[in-house]
Ligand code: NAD
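Shown next as structure tokens: one chain only, the form predicted alone.
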Amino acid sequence: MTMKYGVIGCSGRMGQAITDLFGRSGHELVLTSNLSGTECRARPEVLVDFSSHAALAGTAALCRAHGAALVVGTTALGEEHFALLRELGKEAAVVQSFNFATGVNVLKMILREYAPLLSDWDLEIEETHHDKKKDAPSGTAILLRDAIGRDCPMHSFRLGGVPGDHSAHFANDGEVLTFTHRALSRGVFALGALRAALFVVNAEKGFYTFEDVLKHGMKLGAAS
């Protein structure tokens, strides 16, 4: 299927990666938005926003104005932003995640399942991102901590052009167990955004996570 889509933060690095992949996949860019303003050539079926939490209210307004679904990968979201997205979910389908890499979300599911077996082990989480990333710890580090279900020290490094590395280190007196995910390029996040967009344009209104997108794909695969 071919989608009409819009990109919020179209001039940013993720915005450009999303536009490039969606375009190569045959989808039509009909709305762009950045600090200079918004241009709209036709009604978008879905908006993709990896920009800034400061833009989120405006993005929600655009979704309502166009009757569009939403894929949002913005980090540093507070409770007020999640309240806004859940309210929007009453009118449209919304997919939110701090990380759209398939591997990170599989890691989150693994940790949720098996971290209770390591509840008496020491735990620390480490994350590294490019030196332009503003928030620390990263949303993904928080996502992994919440999946584990207990507080722990988190260490953030901002170095060069690293797209995103995350590790959860468990240890006791005799063993160390480390779970690590490494993103090799921003393309993995754009690919996840595309997968989420293809899901959300056909989904019932509601608030979804990228884990919901992956599980939906599993169900389709099992049914085929």
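One-based numbering along the sequence shown. Remember, it's a predicted structure, so these values are computed and weren't measured experimentally.
Only in words, not in the display: the form predicted in complex with the ligand, which the text now covers.
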Using a 4.5 Å heavy atom cut-off, which stretch among 83-91, 144-152, 118-126, 70-78 contacts the ligand in the predicted complex?
70-78
How about V213 - does it come within 4.5 Å of the ligand in the predicted complex, if we only consider non-hydrogen atoms?
no
Heavy atoms within 4.5 Å of the ligand in the predicted complex: does L35 have any?
yes
Residue contact check: C40 to the ligand in the predicted complex, 4.5 Å heavy atom:
no
Contact label in the predicted complex: F189 to the ligand, heavy atom within 4.5 Å
yes
Sole residue of A171, L29, A55, V162 within 4.5 Å of the ligand in the predicted complex, by heavy atom
A55
Given a 4.5 Å distance limit between heavy atoms, list every residue of 1-38 close to the ligand in the predicted complex, or none if there are none.
I8, G9, C10, S11, G12, R13, M14, G15, S33, N34, L35
